[in-house]
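Next comes just one chain, in structure tokens: the form predicted on its own.
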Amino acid sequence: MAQILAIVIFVLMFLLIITEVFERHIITMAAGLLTLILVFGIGMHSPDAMLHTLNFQEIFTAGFWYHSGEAAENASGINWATILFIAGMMVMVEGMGHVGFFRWLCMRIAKLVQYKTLPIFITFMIMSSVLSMFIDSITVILFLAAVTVELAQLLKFNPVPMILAEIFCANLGGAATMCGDPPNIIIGTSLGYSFADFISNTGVIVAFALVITIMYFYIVFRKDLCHNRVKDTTAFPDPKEAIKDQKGFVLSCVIFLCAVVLLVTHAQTGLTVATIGVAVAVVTLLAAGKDALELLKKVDYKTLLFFIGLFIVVGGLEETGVLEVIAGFIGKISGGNVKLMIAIIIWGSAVASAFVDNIPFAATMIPVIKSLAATQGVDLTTLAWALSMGTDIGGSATPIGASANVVGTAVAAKEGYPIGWGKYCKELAPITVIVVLFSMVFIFVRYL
């Protein structure tokens, strides 16, 4: 009975998220509450399963804050490390945006390439990928798309091709690091992988894929973007005008660089991502001074609640053994063939993430790949990289597949450049298939 209740709640949650009848954080929190009452209370009569899923005790262990590699292996239920890390990075990003960092960066790069459209196109794609390695892709696209529209109006070109390329590159760049995309944060904190683990594995795949991506978009859009010739650049705004607070700007840059260093070295220092997230948030708020309260108000608490509810629902599937059944099913279909298993995971993740939010899918699949690794004798890390690339890249195929897609198309539509499903899928679905296929072949060659 408990298994049936857990499955019904999970399916209903997914359907409601897809239909967007209610805000997604309300859906997952309600589903989480139903899981606690119906699955753990009525179905299992197990307070222990409830406490295990809520996972509050994890926060009060030394391993949660320092050198938690061993604890992460057994982590289940609410992943508080992910919650605290994302919250901390949100505060830092709000601080950077508040002082004008992102707008300054975009305008500065445009000026360096002398406002020539094609070089802007290529550099903005690279910038979108690089920034998304360290900053949430939603924030990256929010600022990039807005500046792209502004430049398009000044330079008289259609911003749609550039925004589409930026969206894909943001999702691609997010796949390169542990902090780049929410699915990777969940994978890293749940399985005990470090920033360096991601960089040396998914990061290598992304580096090659970025070259392929730039070539693809250059071939597809070059005719739309190589026509303008700027003769007088004096009329364009000075990048310095974007900086709202000189002192705050410098402090934000220093905090961001420190955060990057801490993330890159956290395997060596023993500091967990939870510790880094909290530290970054505290320092940002101290640097903001009287504006600290304003930054806290801008934090996306709805996303954090979405994660908490989601983890509880997935915990219900895990505690009732549903995920073990799914893992056994995949193992049976693949017949123990590792290549087929990886293909199922990467393409299944990609197709699912094109139509449903990749965050709940990744959270659901982590216990599945752990079970597969244990029962089928497959290397867990290989399955983890396949899951990461499938969920991160697959979401690019449709306008609703990832949060960055929704934000980018919304900004374009707001400024009078609507991007329909037909236009979006025609341009981005082919490169999504190409990169997922490349990732699968790369994983086969490197790891098998």
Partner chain sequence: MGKQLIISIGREFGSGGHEIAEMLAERFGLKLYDSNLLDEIASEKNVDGYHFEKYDEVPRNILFSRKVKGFSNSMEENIANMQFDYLQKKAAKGDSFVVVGRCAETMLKAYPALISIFILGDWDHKVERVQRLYHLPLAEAETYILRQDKKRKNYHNYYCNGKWGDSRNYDISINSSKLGEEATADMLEDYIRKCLALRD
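Treat the numbers as computed from the prediction; the structure is a model and nothing was measured. Residue numbers count along the first chain shown, from 1.
Not pictured, yet referred to below: the form predicted in complex with the partner chain.
Heavy atoms within 4.5 Å of the partner chain in the predicted bound form are found in one stretch of 28-36, 382-390, 42-50, 416-424, which is 416-424. Contact annotation: Glu150 falls outside 4.5 Å of the partner chain in the predicted bound form, judged by heavy atom distances.
Contact annotation for Val406: at least one heavy atom lies within 4.5 Å of the partner chain in the predicted bound form. Contact check for Ile400: a heavy atom falls within 4.5 Å of the partner chain in the predicted bound form. In the predicted bound form, none of the heavy atoms of Ile434 sits within 4.5 Å of a heavy atom of the partner chain. Every member of the trio Thr19, Ile138 and Asp300 reaches the partner chain in the predicted bound form with some non-hydrogen atom inside 4.5 Å. With the partner omitted from this view, the residue of Ala279, Ala327, Leu251, Leu142 that lies near the partner chain in the predicted bound form is Leu142 [heavy atom within 4.5 Å].
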